[in-house]
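There is one chain below, alone, in structure tokens, taken in the form predicted on its own.
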């Protein structure tokens, strides 16, 4: 059974999730991980699907989704080893940022996380009026000094004029 990454992106309409998942189910595909969201009228879907059908068969089964040109669909093989390695080490935290919108917020603050050998595992941003909100799940190495990372985040946030917090992710929040 191969693991495939399926991405669907384009103008939102009712039925995208139903049409996509039904076609995958007809191939015996099992959704192992997924994320889906609506971004200002554009729907984005990323699925990891385990199936006995190969990528070409899945592409054929999903071809109808992009027939009118409003959605794009991509299907590719994903090696299992990379996924397990990405999940393996570290402690999970929630990074929250809010403040006035300006370019560079995501890059600067995720740069602090990367500088601590941390990994961003999920990130969402929203702009509501002039208020910019970022919520990310990050994994920090077990041997990192979390107080130093928090201090570096606060310093960067002060330069950007935003507020930031980094707190442990409780497993029951998942």
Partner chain sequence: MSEASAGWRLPALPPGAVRDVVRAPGRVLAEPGTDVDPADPEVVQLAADLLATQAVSPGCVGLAAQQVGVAWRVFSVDVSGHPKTRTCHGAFVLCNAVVLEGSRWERGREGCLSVPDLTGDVKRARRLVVRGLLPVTGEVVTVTTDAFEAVALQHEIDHTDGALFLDRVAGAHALHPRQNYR
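Numbering follows the first chain given and starts at 1. Worth saying up front: this structure is predicted, and the values here are computed from it rather than measured.
The discussion below concerns the form predicted in complex with its partner chain, not included here.
With its partner chain left out of view, the stretch that reaches within 4.5 Å of it through heavy atoms in the predicted complex is, among 63 to 71, 102 to 110, 118 to 126, 139 to 147, 118 to 126.
For the chain shown alone, residue 135 is a contact residue for its partner chain in the predicted complex, at least one non-hydrogen atom being within 4.5 angstroms. Residue 130 belongs to the set of residues with a heavy atom inside 4.5 Å of its partner chain in the predicted complex.
Contact check for residue 98: a non-hydrogen atom falls within 4.5 Å of its partner chain in the predicted complex. For residue 12, no non-hydrogen atom is located within 4.5 Å of its partner chain in the predicted complex, even though that partner is not displayed. Looking at its partner chain in the predicted complex, residues 94, 167 and 170 each place a heavy atom within 4.5 Å of it. Only one of 153, 162, 16, 23 comes within 4.5 Å of its partner chain in the predicted complex through a heavy atom, and that residue is 162.
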